[in-house]
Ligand code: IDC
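To begin, one chain is listed below as structure tokens, in the form predicted alone.
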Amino acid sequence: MICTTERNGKKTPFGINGPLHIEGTSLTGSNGKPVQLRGLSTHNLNNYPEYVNIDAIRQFADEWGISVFRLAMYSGAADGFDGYADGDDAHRTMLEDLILKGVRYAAELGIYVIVDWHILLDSDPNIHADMAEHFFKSICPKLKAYDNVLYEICNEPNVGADWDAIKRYSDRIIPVIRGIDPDKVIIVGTPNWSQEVDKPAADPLPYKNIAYTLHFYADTHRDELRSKMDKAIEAGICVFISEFGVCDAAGSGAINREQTDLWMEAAKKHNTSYVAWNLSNKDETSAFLKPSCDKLSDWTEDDYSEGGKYVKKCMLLP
């Protein structure tokens, strides 16, 4: 699938960079130049599917300058909604259709898209490894032709999931993807809510085009985690910030502008890609929209939360 390369008289992110791969510590375009993607993540697609619409994504591409859109499909149940793994066949089909729509919309707009197997309460990715394998066997043939896709196979391994457990899972799932779609970038979560990037730095996976996840929430994660990221990149791995927030790790509390700015400086230093959490009107600081906003696109500044406005600033940094 040739994604849109020019729109509104300008080259799109895909038009500039083409299909992506990893060279050393860098996400890299087909022209051999390093790429820093900046974008937004949906909330749980199981309970916020309505924001996957082309008018919404177009507005963020045009007004916020995003180059990547992340489709966060929760693997397990959360917030009273079934996930992919514990839903029925009809629910799984609905989610796969929604992901395919999101990928098509992103391709039409010439931006990249992350297909995120979003583990959370199912803390160890091995818990639902059978369903993860089922999902990727089902979705990858549908997405193989889309050169704007990146796969994220376990966003936040947490309680009880050490690097050995993540490696076992990765050694099962990555060959499934590679057997269908051999070249796309795969993003792999790291232990402790994707904070221990030092573990894969010391013991990386034996596959090409692999990036490793680091997540931060600015009012919780500070110098110590930034230092860990620095050392992991110096050790030779590619780090991808596939989720961040301007507030605390619970998605609430005050906006920490000072720490967010320090994280943006660190990302710029390493040319590290980053994706902000989350596109919804949920009553929490990290949601981009105010709880009172029920619009699905055509937003004005009055519709954005204070957190959303600061994330917009992060997307538009020089």
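Residue numbers run from 1 along the displayed sequence. Everything numeric here is computed off the predicted structure, so don't read it as measured data.
Omitted from view is the form predicted in complex with the named molecule, to which the following refers.
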Looking at 71-79, 128-136, 163-171, 230-238, which lies within 4.5 angstroms of the named molecule in the predicted complex, counting heavy atoms? 71-79
Could you confirm whether W277 comes within 4.5 Å of the named molecule in the predicted complex, counting heavy atoms only? yes
Contact with the named molecule in the predicted complex for Y84, defined as at least one heavy atom pair within 4.5 Å: yes or no? no
Please check if V52 has a heavy atom lying within 4.5 Å of any heavy atom of the named molecule in the predicted complex. no
Would G251 show up as a contact with the named molecule in the predicted complex if we use heavy atoms at 4.5 Å? yes
Only one of D147, D198, E156, D181 comes within 4.5 Å of the named molecule in the predicted complex by heavy atoms, so just point that one out. E156
Would you kindly say which of C140, V176, L120, L100 lies with a heavy atom within 4.5 Å of the named molecule in the predicted complex? L120
Check, residue by residue, if R38, K269 and T272 all come within 4.5 Å of the named molecule in the predicted complex, counting heavy atoms only. no
Can you name the residues of 281-318 that have a heavy atom within 4.5 Å of the named molecule in the predicted complex? K282, E284, S286
